[in-house]
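One chain comes next, on its own, written out as structure tokens in the form predicted on its own.
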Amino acid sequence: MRILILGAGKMGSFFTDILSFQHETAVFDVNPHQLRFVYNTYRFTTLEEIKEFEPELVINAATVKYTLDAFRKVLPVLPKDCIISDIASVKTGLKKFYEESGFRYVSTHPMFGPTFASLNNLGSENAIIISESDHMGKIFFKDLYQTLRLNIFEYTFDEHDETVAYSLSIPFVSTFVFAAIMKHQEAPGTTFKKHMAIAKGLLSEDDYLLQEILFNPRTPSQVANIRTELKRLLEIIESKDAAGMKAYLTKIREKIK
């Protein structure tokens, strides 16, 4: 299959690496310097090259801020039977765009990134495939993700956004709060160092990506839950309520079993 990948960043390069040995691949990036880091693939910088390549599948790996712009840029030179796809962690506006594009589409979300995941061992990682997607597109990504040993889930666009609001916004906000009140320690303990590593990794991500995940309409209710739990925990601590602390710890241990 002829596959065009939009964006030669971390995830674009990852998909190029895993697809280029079984498919004819090409990577398009408006920044030629990014293309220095991709191998065993065509490197495109112009729309004319894309038109001549005639891709059968497009994987949009541009950063979230430019996902729709990248699609709009290349759509005019794509064959009408080409399947377009994205791997965005934020699906805002994508459903409407796909429905109006006139192209078959498949939307997925590999629930991992180069910051924390070991890309050579993804057996404990997950991927979401949007159920409204084209049947053949879903088959392609199911086969690909199964090859990577990912755990695959099929959600609607709405279900995806709800899942992201819960699984990403809560740890994001918790990490932000840790970083906001953190003081460097001369002799940090193991737990502190682990939290610090998570904070540094998260804050190395693109600002727009962090913003869009937190601006998900479903995020405020999740953040409000954090505020409620902090209020309850502070009450226990201030009153030195030993029985209340024991009950609280018992409750949260049950949740993480």
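Numbering starts at 1 and runs along the sequence shown. What you see is a predicted model; the values in this text were computed from it and never measured.
Below, we turn to the form predicted together with a small molecule, even though it does not appear here.
- Of the residues given (Val30, Ile226, Leu214, Ala199), Val30 alone sits with a heavy atom within 4.5 Å of the small molecule in the predicted complex.
- Taking a 4.5 Å heavy atom cutoff to the small molecule in the predicted complex, the contact residue among Val38, Ala61, Ala26, Leu57 is Ala61.
- The small molecule in the predicted complex is not approached by Ile83, whose heavy atoms all lie more than 4.5 angstroms from it.
- By the criterion of a heavy atom within 4.5 Å, Leu209 is counted among the residues contacting the small molecule in the predicted complex.
- The small molecule is not drawn, but in the predicted complex it has a heavy atom within 4.5 Å of Ser89.
- Residue contact with the small molecule in the predicted complex: Thr219 places no heavy atom within 4.5 Å of it.
- Comment: 67 to 75 is the region of 67 to 75, 129 to 137, 173 to 181, 99 to 107 lying near the small molecule in the predicted complex, near meaning a non-hydrogen atom within 4.5 Å.
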